[in-house]
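First, one chain by itself in structure tokens, the form predicted alone.
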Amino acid sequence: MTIDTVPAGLRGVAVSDTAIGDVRGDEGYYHYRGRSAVEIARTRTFDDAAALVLDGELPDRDPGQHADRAGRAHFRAELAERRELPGAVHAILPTLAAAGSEFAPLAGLRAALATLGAADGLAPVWGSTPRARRADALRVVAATPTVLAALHRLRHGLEPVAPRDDLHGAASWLHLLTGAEPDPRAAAAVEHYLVATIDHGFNASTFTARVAASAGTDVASAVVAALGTFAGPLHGGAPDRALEAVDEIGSPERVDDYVLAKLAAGDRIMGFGHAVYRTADPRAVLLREVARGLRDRPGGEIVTVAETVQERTEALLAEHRPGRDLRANVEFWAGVVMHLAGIPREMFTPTFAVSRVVGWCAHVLEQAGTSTIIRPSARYVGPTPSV
């Protein structure tokens, strides 16, 4: 059998079929189940979007309208009843939170979800029923924010907060983090972000989740595998670093000097450029609008600085990197929005994970419907083997 040569990183190679969503980089458009993801983010809740991605259709706002479709209240109840953690996970959270000189919430989440899978007895997706797989996916989705918020609070000497059944989506996340009644405007801003980042094509972590699921492992293990990829600095860890760049610039007058110095050194400018988009990142466009709506909050002057940083950086990149079309990406404005919503910087990437776990689980469920393990080949380039 001959081994076909493919582009490095599998760029442009279709490795599977999916009905979950698609990213059209040349158009600056992406969707969930055929519906504009940005429009969903503008008009529907995080739970609505999660139901759409996981179950294939939006829940009815009024479940009485369509007897054959579950309503939003029903879906929220399914998540709410799965938020509490088993005793085995509660027992290890203090150790995970205190581990290391630097707080590593995603590492803690990986260990906690692995323990959750064992404690709950999550079965391999191979041989289990679609109903059982879905229940396990909802468990992982619901438990993730509980774990992450508890790790954050324990790290800072605070007791974890119990989930409230009357709070959902971003409001629930902010309450779990702070222990306070969530500010409606902050919750609405974060809700836009959560909806907009649920799924985004076959990115590295999503592909990892599908590889694990193709081997038939349980949902929690597949998500743990995805989290290991997501934690890489080239993937999920950019929102805080993009905001650090804005902080370093400090004022609109310093943008050109900062960017030109980075370009001269050959350094990457965090928050700009994307592997797929060759036009404006629609998520960044949405979140810039959201950030403008928070301009009157304490520290809101950062919005003006960020807008200048975006405009001047894009202009300088176009001048010095012609043909690359490097524009602000989702991480650039995500950091600004989360900062103004009161989310601690160390929890920016974990907030991303609260959203993306929905997409990972949807892909695990879809992959579980096939029976072929993902098993590519490698082209050997080492020393000639001896006979």
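Just count from 1 along the sequence shown to find any residue number. Please read these numbers as outputs of a predicted model, since none were measured by experiment.
There is another form of the same protein, the form predicted together with a further copy of the same chain; it is not shown, and what comes next is about it.
- The stretch that touches a further copy of the same chain in the model of the complex, counting heavy atoms within 4.5 Å, is 103 to 111, out of 245 to 253, 172 to 180, 313 to 321, 103 to 111.
- Heavy atoms of every residue among Asp22, Thr95 and Thr372 are located within 4.5 Å of a further copy of the same chain in the model of the complex.
- Residue Ala215 is the only one of Leu263, Ala215, Ala73, Ala280 with a heavy atom lying within 4.5 Å of a further copy of the same chain in the model of the complex.
- Remark: His31 counts among the residues lining a further copy of the same chain in the model of the complex, judged by a heavy atom distance of 4.5 Å or less.
- At the 4.5 Å threshold, heavy atoms of His200 reach a further copy of the same chain in the model of the complex.
- The closest non-hydrogen atom of His235 lies within 4.5 Å of a further copy of the same chain in the model of the complex.
- Contact annotation: Gly293 falls outside 4.5 Å of a further copy of the same chain in the model of the complex, judged by heavy atom distances.
- Contacts to a further copy of the same chain in the model of the complex (heavy atom within 4.5 Å) from stretch 184 to 211: His200, Phe202, Asn203, Ala204, Phe207, Thr208, Val211.
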